[in-house]
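The chain below stands alone and is given as structure tokens, in the form predicted alone.
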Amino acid sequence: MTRRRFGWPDLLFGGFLIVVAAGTLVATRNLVGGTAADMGPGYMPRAIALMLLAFGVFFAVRGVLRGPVGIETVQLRPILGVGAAVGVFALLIESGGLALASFAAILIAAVASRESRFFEVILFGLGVTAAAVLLFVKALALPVSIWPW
């Protein structure tokens, strides 16, 4: 008797997408869907959930049909670096303003990669921060302070 082995990364990812899609469909069940021409508040969440469901089924089936593929070792540095960057941005956006929050998040996210170079990160951070201020504050006129003062 042979034992069937699965492609666990695809199978688990597909299962995750299916669970997220099912949760979204349940959470939006009381919202009016409407039509493509007259969208209600539940139309887009359900449309995205159905796309996630399709991707989830695709990956789950691929995981079942595919042979075993090993799961790589989890690298903590990128997870912690990006997670810390998002957290710092969330903490600084109201008290420090968009410019400081964006720049700090980029500097901290750069720690996630060993290939980051200090001066390149500084230049990239300044450019992205300027672009964020121009887009969100000037072009879209969102009520977000640029600086802490």
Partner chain sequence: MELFDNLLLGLSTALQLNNLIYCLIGVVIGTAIGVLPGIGPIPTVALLLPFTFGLAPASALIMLAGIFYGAQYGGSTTAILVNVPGETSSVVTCLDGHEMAKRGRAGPALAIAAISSFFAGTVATVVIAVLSLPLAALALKFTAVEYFSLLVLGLFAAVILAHGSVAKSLAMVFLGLLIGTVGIDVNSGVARMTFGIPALSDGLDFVPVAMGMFGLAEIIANLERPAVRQVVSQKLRDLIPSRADLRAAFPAMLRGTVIGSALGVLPGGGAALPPFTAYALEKKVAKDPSRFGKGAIEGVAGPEAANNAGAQTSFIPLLTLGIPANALMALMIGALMMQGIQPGPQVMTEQPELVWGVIASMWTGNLMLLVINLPLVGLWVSMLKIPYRLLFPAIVLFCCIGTYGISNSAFNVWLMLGCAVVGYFFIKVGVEPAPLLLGLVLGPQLEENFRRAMQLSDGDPSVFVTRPISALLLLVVAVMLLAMLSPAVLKTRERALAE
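Positions refer to the first chain, counted from 1. Everything quoted here is computed from the prediction, not taken from an experiment.
As for the form predicted together with its partner chain, it is not shown, yet the points below apply to it.
Its partner chain is not shown here, but in the predicted complex it comes within 4.5 Å of a heavy atom of Met51. Using a 4.5 Å cutoff between non-hydrogen atoms, Ile146 does not count as a contact of its partner chain in the predicted complex. When contacts are judged by a 4.5 Å heavy atom cut-off, Ala60 does not count as touching its partner chain in the predicted complex. At least one heavy atom of Pro45 is located within 4.5 Å of its partner chain in the predicted complex. Taking a 4.5 Å heavy atom cutoff to its partner chain in the predicted complex, the contacting residues in 108-143 are Ala109, Ala110, Ala112, Ser113, Glu115, Ser116, Arg117, Glu120, Phe124, Val128, Ala132, Phe136, Leu140, Leu142, Pro143.
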